[in-house]
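Given next, in structure tokens, is a single chain: the form predicted alone.
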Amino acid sequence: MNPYEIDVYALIYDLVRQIPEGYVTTYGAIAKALGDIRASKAVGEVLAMNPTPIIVPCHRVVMSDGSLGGYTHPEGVRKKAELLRREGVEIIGGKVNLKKCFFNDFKLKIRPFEVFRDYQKRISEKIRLEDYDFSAIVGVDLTYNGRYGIAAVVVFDEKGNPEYVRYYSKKTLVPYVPTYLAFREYPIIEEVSRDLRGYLFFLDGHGILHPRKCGYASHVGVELDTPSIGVAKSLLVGNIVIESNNLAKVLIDDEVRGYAIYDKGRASVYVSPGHKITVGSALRETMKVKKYKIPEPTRLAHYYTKLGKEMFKNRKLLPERLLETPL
């Protein structure tokens, strides 16, 4: 099964359609059915985008303590309560008694996050923490407009100067869930980066500094078979060991998986190798291109995602159409 073809949005809507009238379920129960409780917040965000609230009865999804949660309707939670009461669900003190009407008998052919974890395991086995040559560097970042991801890929010349930026947008199939970012963003990056193999990719995410040693940057590096570095603004996992005023090691199981770089007493970025580069070289290459808090490749890519989003809104950037602009 190709994990990039799994439409998690569609699976969530299908699960909600299975809830019978007179019953409710929780965001967490749906997340567990999908294969990871950490998807609970994403379930709520997906239901907030529900295009057919009558066909997909998202009013039947409540919080784990029985409270109603949100509802995207002009009347908000009041309308949600009205719909539930009309279907025979008792609400007392703003809460549903889950012991009386909880539904959890979901039927689905696949658990997407189990598929994703299995795929990450296979990717992690292909990671090479050795230094490979690279021709130049690339900075990658994405932003979103609804379900559409908008990528900006800044390509630098051999002297380290930004040469051109590529934009690409595509509808996403996977909402954001921590530790699974690559399944949301790689299908977009692949379309715009196929001919950039051999460049060193800087990505706004983690490399091996990840619970399954297969973060976003590692995933992209292996799939594109190119050197890659993860430069993330927050820490997913790991223990910090201070080395100096501006540097700390990040360890997992006593193994150095990356470094935290500090600015004015606060960690500004967490660096870890993705693929085809060592931990030490990932830090050195990052320091070479770090003018401000964020390394220049991803800082510039982030800046151009804002322009890309404006072009997308104004239909100057069309879905699945590559746009390249010299810098």
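None of the values given here were measured: they were computed from a predicted structure. One-based numbering along the sequence shown.
Below, we refer to the form predicted together with the DNA, which is not included among the displayed structures.
- Proximity to the DNA in the model of the complex, taken as heavy atoms within 4.5 Å, picks out 172-180 from the listed stretches 95-103, 172-180, 154-162, 69-77.
- Between the options L196, L236, I91, I127, the residue in contact with the DNA in the model of the complex by a heavy atom within 4.5 angstroms is L236.
- Mapping the unseen interface onto this chain, K32 falls outside it, with no heavy atom inside 4.5 Å of the DNA in the model of the complex.
- In the model of the complex, the DNA stays beyond 4.5 Å of every heavy atom belonging to I137.
- Residue contact check for R38: one or more of its heavy atoms lie within 4.5 Å of the DNA in the model of the complex.
- Interface residue remark: Y144 is counted as part of the site for the DNA in the model of the complex, having a heavy atom within 4.5 Å.
- Within 4.5 angstroms of the DNA in the model of the complex, the stretch 194-213 places a non-hydrogen atom from each of D204, G205, H206, H210, taken in sequence order.
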